[in-house]
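Just one chain follows, in the form predicted alone, and it is written as structure tokens.
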Amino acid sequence: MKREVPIYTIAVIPGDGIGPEIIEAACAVLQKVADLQGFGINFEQYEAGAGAYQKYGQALSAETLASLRQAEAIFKGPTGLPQVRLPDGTEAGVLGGRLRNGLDLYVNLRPIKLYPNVPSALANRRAGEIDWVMVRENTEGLYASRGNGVVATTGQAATDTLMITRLGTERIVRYAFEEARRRNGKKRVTCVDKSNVLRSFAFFRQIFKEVAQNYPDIEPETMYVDAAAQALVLEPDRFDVIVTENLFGDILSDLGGATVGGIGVCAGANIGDRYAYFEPIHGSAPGLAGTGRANPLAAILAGGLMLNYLGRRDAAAKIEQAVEHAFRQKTIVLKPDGSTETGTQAVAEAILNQL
């Protein structure tokens, strides 16, 4: 009797700028590893982002969002174009707020890892010395004010509200400790906050300490955000898992990216209890679109995160190993600015060859 092959339906948003090129390269890698591992992937494409806003007057339609909810995972390219703006001046094509809050994707997971032969902005750092993950709260914090900030009628002041809740903090901190258990790292979770100044962060730290008591096998650590920014440069090898508020996580993960060759090698996962989407954390880089020079590595690594989420851990490991071996054999070479020497297609081919 023939065994039924599992097939995963993936909703694909190619995005804007370089998005379609790097997502196409990443999908080719995903298809290859699926063939090798004996499962199927059904890619279903949807329009969303700045291009969709220009065409239809909205970046993400209700119909598209409903379709995304039916998929087993969402694979998204960078969206937004600098010149496509809403009346309030903010970018019209950015989907992060719509998807993260609309699907309650409270975890933003961003691995920061230095690969072999990748130039780091930190002197004398070698592969394996920088390997930590950011667990960023994704639905609260200062970004909860997105679209709801208040501007004084005089036009002389504006305010945004920082929101920290017990429910939101407990679930993101639990996820961070569980992530530390899953990793083969230092078994340490570092809470990054500004509790010496703001009451909301003192509340965040208090809840962190409460949750930490349920994980005696994991070392809890607390650190102010300014000290953490320094430590990520001076002693990045001390970190395993960092958990923090939305804005701080956004900033520090880009700082971490700068230490491992740039955000062109940094993938992100946005995970909730029912839905998840995966993406490169960099922008759409419209100036590079169509040149064939865009770096697809972050998108490819995001595909690996997606496979891990779907329970295909062996397949995810194969992508990770293929990237590492390609760097080690120098079939992928990064320039100091994080771009590749060989171009989009050549990078994809190097990884496909390793697979």
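Computed from a predicted model, the values in this text were never measured in an experiment. Counting begins at 1, following the sequence as shown.
Same protein, other form: the form predicted in complex with 3-isopropylmalic acid (IPM), not shown, and the subject of what follows.
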Check your understanding: Taking the shortest heavy atom distance, is residue 143 within 4.5 Å of 3-isopropylmalic acid (IPM) in the predicted bound form?
Key -> yes
Point to revise | Touches 3-isopropylmalic acid (IPM) in the predicted bound form: residue 250 (any heavy atom, 4.5 Å) | key: yes
Review point. With a 4.5 Å heavy atom cut-off, would you call residue 94 a contact of 3-isopropylmalic acid (IPM) in the predicted bound form?
Key: yes
Check your understanding: Does residue 279 reach 3-isopropylmalic acid (IPM) in the predicted bound form, with heavy atoms at most 4.5 Å apart?
Key -> yes
Review point. So which of 170 to 178, 94 to 102, 213 to 221, 228 to 236 is the stretch with heavy atoms within 4.5 Å of 3-isopropylmalic acid (IPM) in the predicted bound form?
Key: 94 to 102
